[in-house]
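Starting off, we have a lone chain in the form predicted on its own, written out as structure tokens.
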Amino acid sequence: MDNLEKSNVSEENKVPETLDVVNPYDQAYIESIPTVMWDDIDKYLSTAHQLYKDCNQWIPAFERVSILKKTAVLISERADELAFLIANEGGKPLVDARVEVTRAIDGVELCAKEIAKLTGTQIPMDLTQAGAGRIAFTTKEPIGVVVAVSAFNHPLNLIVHQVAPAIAAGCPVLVKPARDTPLSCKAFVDILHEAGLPPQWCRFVACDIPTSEKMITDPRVAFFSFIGSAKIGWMLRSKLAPGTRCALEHGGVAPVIIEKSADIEAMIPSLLKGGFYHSGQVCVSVQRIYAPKNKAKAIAQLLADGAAKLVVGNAIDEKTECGPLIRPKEVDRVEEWVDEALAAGAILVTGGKRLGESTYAPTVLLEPPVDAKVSTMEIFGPVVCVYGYDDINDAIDQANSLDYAFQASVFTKNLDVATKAIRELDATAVMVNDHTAFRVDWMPFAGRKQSGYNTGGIAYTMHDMSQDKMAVIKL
């Protein structure tokens, strides 16, 4: 999910270029948008910083609630248009794009509701003689200017998760979309403005790498929200100005453990959805499946039978179930990784080939080497790997062996096994009898180790973008 790609602005001439947006399936031109130069971003940051520094200019809670509620209504009225935009620029099949729009509506409405929960607490003072004769309480204040940098794979809902909580918490925000999918982001920002949010409180910023990094590391930024590759996220965190807080959401190499008591026939549709949803371009996509050795081959074949039936094509086609990868070079990478695994002894059960410049066949591999790229790195493509195990403890150890940890799952009818997996799997969430990509927008959502920093989810993000202030009153 590398969302800071090569520069699109001439540093020598300092002339903004247009960003051409194309359909990733056939590279058909959609629209061009102008990039933003540093001089403009500098002004945006100055204005946003001044808005924050003067608490008299803060938007009252009731106005924020009203703006967000109206935003949700406007998104609802344009749901079909936005779903098509998601499919067209991002390659997510229409059936899933429509779900994303629904989630975006729910997320905005949830932000409006959560504003009422941004409250402080009373602090007891007379627990010791030193504090006697005083009352104290805390209030919540916005943390300051937020800069959000997003990824391509959920081009509307990820923006909602980064921008709407900032608005709800009362923070000015600048948002940089993924280079491939800026139109959904721009549509959301425009809707916010139409709903009554003054433009200076939320700026859409499409810019090149040097400009983006300069914006992110500017000392006027109080909070940096990043969704993208671990390599870039951790690098940017190391360069943040002193005092800038952050949240990083990276990818994982999600493990699934199937225990011998699991209902195999019933779980196959769930695993197919979790593994091939958006052609595997999801940070918690099912990637590594550990099954009892005497069942692994049969499970791999059932998955392969389902995967082979999936319709691959242009995401704007109603029949498409698996769309393109975001760029042709990602198909090259997935092809290289699969070929490497096959050369090292993995068994190809289905797929294993590119279908065109922008698509790769849904693929199931059996027993790829544990040190292959498909076993150790986030594939971010339509590839699922199945491994056999003799002892469930070995499966858990293998699931926990990587430097990435996000969501995991276990399929079992045995309560002891379920609780064992919940306790021992190194993950921020363990799904029982469901795939690893399950999520609702109010739950905590976060990576461990190299997979992320801090916790996402609407309420959790609003908390991160707020800060406590205590008042102590001597009676």
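Note that residue numbering begins at 1 and tracks the sequence as displayed. The shown structure was predicted, so the numbers you read here are calculated from the model rather than taken from an experiment.
Below, we turn to the form predicted in complex with a further copy of the same chain, even though it does not appear here.
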Exercise for the section: Could you spot which one of A48, M431, A437, I67 gets a heavy atom to within 4.5 Å of a further copy of the same chain in the model of the complex? Expected result: M431
Practice task
Spell out, yes or no, whether the shortest heavy atom distance between E114 and a further copy of the same chain in the model of the complex is within 4.5 Å.
Solution key: yes
Practice task
Using the partner position in the model of the complex, report whether A241 sits within 4.5 Å of a further copy of the same chain, counting heavy atoms only.
Solution key: yes
Exercise for the section: Check whether P34 has any heavy atom within 4.5 Å of a heavy atom of a further copy of the same chain in the model of the complex, and answer yes or no. Expected result: no
Practice task
State yes or no: in the model of the complex, is some non-hydrogen atom of N414 no more than 4.5 angstroms from a non-hydrogen atom of a further copy of the same chain?
Solution key: yes
Problem - Contact check for A28, G196 and P255 against a further copy of the same chain in the model of the complex, heavy atom at 4.5 Å - result: no
Problem - Location of a further copy of the same chain contact in the model of the complex, chosen stretch of 271 to 279, 370 to 378, 158 to 166, 244 to 252 [non-hydrogen atom, 4.5 Å] - result: 244 to 252
Handout entry: Residues from 31 to 62 in contact with a further copy of the same chain (non-hydrogen atom within 4.5 Å) in the model of the complex
Key = C55, N56, P60, A61, F62
